[in-house]
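One chain comes next, on its own, written out as structure tokens in the form predicted on its own.
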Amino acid sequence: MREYYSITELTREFDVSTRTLRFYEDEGLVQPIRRGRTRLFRPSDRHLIRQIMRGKRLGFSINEIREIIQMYKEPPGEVGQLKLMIKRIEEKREDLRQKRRDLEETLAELDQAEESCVERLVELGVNT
């Protein structure tokens, strides 16, 4: 395992911008070592970036990701982190289910509106 990774290496590996990694640093999610203006990321920082990216893909906010990461660093540790992650996943799943219901309802309303328009055009003697 390597001792350090450059910001360029990590931006390529995770397909993110340097600004994104700096943002994660500003948010306190990663804490690279500084040598002058150069940021050196430890393997633990690389692991955290991987977890952050995973959280983003799952739809978690930066604050939610921070909460999960922080729980791992402090008691109750991994067990608490896993339980919190399960809770957050359940919340995200329900949010997505509600969005799906909202989309289905909107699509049904659009279908009805289109049908009404077509019926009115027929009444007016216009072919569609």
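Each form is matched to the other, and the largest set of C-alpha atoms that superpose within 1.5 Å is called the rigid core. A residue's number is simply how far along the shown sequence it sits, counting from 1. Please read all numbers here as calculations on a predicted model, not as lab measurements.
What comes next is about the form predicted in complex with another copy of the chain, which is not displayed.
Shown here without its partner, the chain carries L58, Q98 and D102, all of which come within 4.5 Å of another copy of the chain in the predicted complex through at least one heavy atom. At a distance threshold of 4.5 angstroms between non-hydrogen atoms, P75 is in contact with another copy of the chain in the predicted complex.
Mapping the unseen interface onto this chain, D15 falls outside it, with no heavy atom inside 4.5 Å of another copy of the chain in the predicted complex.
For M1, no non-hydrogen atom is located within 4.5 Å of another copy of the chain in the predicted complex, even though that partner is not displayed. Though the partner is left out of this view, R120 does reach within 4.5 Å of another copy of the chain in the predicted complex, counting heavy atoms only.
Shown here without another copy of the chain, the chain has E109, L110, D111, A113, E114, S116, C117, V118, R120, L121, L124 in 109 to 125 lying with a heavy atom within 4.5 Å of that partner in the predicted complex. The two forms, fitted on the rigid core, differ between the shown form and the other one by 2 Å or more at the CA of R88. Superposition on the rigid core between the shown form and the other one places the CA atom of R12 less than 2 Å from its counterpart.
Here's the thing about I62 and R101: their CA atoms end up at least 3 Å closer in the predicted complex than they are in this form.
Between this form and the other one, the CA-CA gap for K99 and E64 narrows by 3 Å or more, being smaller in the predicted complex.
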